[in-house]
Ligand SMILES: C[S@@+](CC[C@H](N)C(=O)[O-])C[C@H]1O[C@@H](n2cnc3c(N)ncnc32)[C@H](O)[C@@H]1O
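Before any questions on binding or motion, here is one chain by itself as structure tokens, the form predicted on its own.
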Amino acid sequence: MITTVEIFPSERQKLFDRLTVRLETAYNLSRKIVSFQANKEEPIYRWFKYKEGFSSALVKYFLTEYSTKPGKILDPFAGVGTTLFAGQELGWQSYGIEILPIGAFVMQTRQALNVIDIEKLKTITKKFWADLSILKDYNTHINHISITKDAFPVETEEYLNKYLSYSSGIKDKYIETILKFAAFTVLEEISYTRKDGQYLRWDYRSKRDLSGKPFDKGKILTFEEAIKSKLNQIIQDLSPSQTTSLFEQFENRNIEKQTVNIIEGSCLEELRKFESDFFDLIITSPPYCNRYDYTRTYALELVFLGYDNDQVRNLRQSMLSCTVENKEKIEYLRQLYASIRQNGTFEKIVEVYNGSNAMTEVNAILAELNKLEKLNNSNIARMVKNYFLELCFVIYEMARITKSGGYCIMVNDNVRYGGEEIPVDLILSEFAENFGFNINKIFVLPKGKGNSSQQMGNYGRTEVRKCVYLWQKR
């Protein structure tokens, strides 16, 4: 007798079947436009390559396509402020929340650029190296943490410390900010390190005991070479002949520039402080669920800004759970909502999370893969579970503070672990639907993202979707 087995579609497939009509290949949204690549012609992005962002061209496209007039715009994961400053150029009143001090410092620098005296900056840069060379007493020292110790050649670090002391003595605070920013942007060039995905890769010439094949990052610039080149680049880009083409290429001079409001902190805490129906539009890109730890890749920049071991560790735990080191925040969130007498809201959000069959399926599959030791890190299952739970709270708050008819645009990538694709786009859109958004479109980039070499070896070459979600408040 032949036994037949009835095959049921998975919960992820059911969700895909329901939302497939919302998926639309967007041939006008290339990876270059969606990523930071399209920003390279704008000075701030050429000076400091912050790869964890999208392009200002993308922001301006959605602002002009989906709004008839400027209003209030928010980016709860502001990064280095692409949404904020692109919005400002088009007359929007911009708000951004950013927990990583790197982004906050870059945004503060960009604000300083609006009021800087370029001639005074030129005068100082002409003589700063001569002043630096004779400087004997300096009181500024970078205090390294364990993952940055011995990152610079001894002479380089000495000049870097002298330069920071010299800069802090400049009476013009805007110029001091620019001088400090110039050094901030060359830290990788003058160090033994290179940013490499989830961590810093160390050159074989460093003092570190390194395992595996020696890595050669190529020429390591002296501090003098790097800082002079960077300051020259900044001054050239700020000169009047360059300003129009680089800073104001999209700007309408008839539009009055509005305020850019930078809020330093976690969006899990800061979003709930806004009144309901406050924003006309939200454009954002949260950290992806890809294990990247920005407190490690930007460790040099963090110690440059004065962060110590404990502060970096606390920062890592405060950020959205996208690394295997993040601990659960559920009790923290429970207490957070209880403190504002929103216990019912907390329960409602958790109920939406638990009510997602696709999410439940993903958690169950990853738990099983963990038991079978088929995940290359036992904390991946916890990370994925908490990533979606925390974003569920973020999406609830974004829906609450968006005006009826307003839009939320989110950039994110799907991911794959243990050969199992996790449809980030569909699950987050399902959350959004439950909180009062309509899923207008899920724009799918023509070219997706390939899986890692390790996963290709085990499961073959496959692509996961890279998407831009367009949600509209009911």
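Everything quoted here is computed from the prediction, not taken from an experiment. Position 1 is the first residue in the sequence shown; the rest follow in order.
From this point on, the text means the form predicted in complex with the ligand, which you will not see here.
Contact at T82, I97 and L320 by the ligand in the predicted bound form, all three, heavy atom at most 4.5 Å: Yes, all three are in contact.
Interface residue in the predicted bound form among P423, P70, G53, P43, criterion: non-hydrogen atom within 4.5 angstroms of the ligand: Of the listed residues, the single hit is G53.
Contact residue in the predicted bound form, chosen from F181, Y294, F304, Y387 - any heavy atom within 4.5 Å of the ligand: Looking at the other structure, the residue within range turns out to be Y294.
is_contact(S266, the ligand) in the predicted bound form, heavy atom dist at most 4.5 Å: Within the cut-off, so yes.
P76 within 4.5 Å of the ligand in the predicted bound form, heavy atoms: Heavy-atom contact with the ligand at 4.5 Å: present for P76.
Non-hydrogen atom contact T185 with the ligand in the predicted bound form at 4.5 angstroms: Contact check for T185: no, nothing within 4.5 Å of the ligand in the predicted bound form.
Contact test in the predicted bound form: S285 vs the ligand, heavy atoms, 4.5 Å: Answer yes; at least one heavy atom of S285 falls within 4.5 Å of the ligand in the predicted bound form.
Stretch from 171-179, 200-208, 285-293, 355-363 whose residues place a heavy atom within 4.5 Å of the ligand in the predicted bound form: Result for this chain: 285-293.
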